[in-house]
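Here's a solo chain for you in structure tokens, the form predicted alone.
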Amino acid sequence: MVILGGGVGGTIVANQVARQMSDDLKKGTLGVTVITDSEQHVYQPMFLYLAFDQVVPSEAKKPERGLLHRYVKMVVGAADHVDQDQKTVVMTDGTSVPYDYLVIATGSRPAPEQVAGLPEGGHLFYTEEGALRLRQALHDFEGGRVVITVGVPHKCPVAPLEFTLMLKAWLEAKGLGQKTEIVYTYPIGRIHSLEPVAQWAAPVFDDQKIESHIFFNPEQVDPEHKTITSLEGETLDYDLLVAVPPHTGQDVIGRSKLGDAGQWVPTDRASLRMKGSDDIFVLGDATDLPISKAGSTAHFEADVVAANLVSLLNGGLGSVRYDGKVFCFIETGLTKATYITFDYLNPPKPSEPTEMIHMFKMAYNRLYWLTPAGLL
């Protein structure tokens, strides 16, 4: 069994299968291999806090090897493509890793280059490098107009709201609240894709005097004149531009001809098998499912994929179903938070933000490492 991707979803699957099939692994009748392009496991949600100088980079990563079950083999390197006919993952160095079952957990990547001028004129917090650059820009900021723009699709569905509300509180704490105007843009006809979340957030924005522009799909940034223009023809001036950029699937999916134009893998919403395949499972951001690309999504899907693999390896049919469950904390400032949970049939219902929920989020940031290890 091969797992392509060493993020939260892939690591959970590897550990759960290894723990339940340890006798077979010990005897050598089963092998579990994780292919990852980095020796470090990164907890990406920490980058939001890194941008506000609340954590340092080392708090967002740990060695992947230390999180994996001792019987799981780890291959560090870049995968070039998946060869379905030969049932192998071909690496860029020319070596191949054969599989009987393959789990695609390759995640997604921010693609700011899809908006002309954005890499040069804007900031993002989806990578360590981007978050550090934004941290410096916020440190140097002395007031003006901040534009927060959102492209689609993107991972962590509530991140745009979190950054905006945290920024508002951060500016007030720094004494820049009266010197700063915050403008938030969203590409559809409300300020969030999930209608109940949009209905909750709109009056919060109004109360905090955060200006919002809907039907704003970012098309071009002019770094020299500090403007951003939408596909719809609206142009906004900015002193500081922060983007939640559009995301794509990983290039290995495109090279493998497994995905659509966005490099998302067609996936059955219940079984999490790649459509048209019995031996390939897909989870997390890599899927084309119409649900949020979030760490909790990968977590809940990993539970299903692992259960089905264990069933299949033991002679079962692998009939556990995924119900679309997602859970997201929502930071509403620097001291309070709320959360949403939803699935295919039940929409989210944001609750009143509290300090306690914020404390739970802070605690989870420290306890996260138990999740990929399969202990939480």
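In case it trips you up, residue 1 is the first one in the sequence shown, and so on. All of these numbers come straight from a predicted model, not from anything done at the bench.
There is also a form predicted together with a small molecule; it is not shown, and the following applies to it.
J.: Test of understanding: in the predicted complex, would D37 fall inside 4.5 Å of the small molecule by heavy atoms?
T.: Yes, contact at 4.5 Å.
J.: Please run the contact check for G284 against the small molecule in the predicted complex: heavy atoms, 4.5 angstroms, yes or no?
T.: Yes.
J.: With a 4.5 Å heavy atom cut-off, would you call L48 a contact of the small molecule in the predicted complex?
T.: Contact with the small molecule, yes.
J.: Using 4.5 Å between non-hydrogen atoms, is Y184 touching the small molecule in the predicted complex?
T.: Heavy-atom contact with the small molecule at 4.5 Å: absent for Y184.
J.: May I ask whether V103, L272 and S311 each come within 4.5 Å of the small molecule in the predicted complex, counting any non-hydrogen atom?
T.: Not one of the three qualifies.
J.: Counting only heavy atoms and a 4.5 Å cutoff, which of 223-231, 138-146, 210-218, 74-82 contacts the small molecule in the predicted complex?
T.: Result of the contact check: 74-82.
J.: Under a 4.5 angstroms heavy atom criterion, identify the one residue in S296, S277, S96, Q114 near the small molecule in the predicted complex.
T.: Here the answer is residue option S296.
J.: Only one of H123, K155, K168, H192 has a non-hydrogen atom within 4.5 angstroms of the small molecule in the predicted complex; which is it?
T.: Contact with the small molecule in the predicted complex is made by K155 alone.
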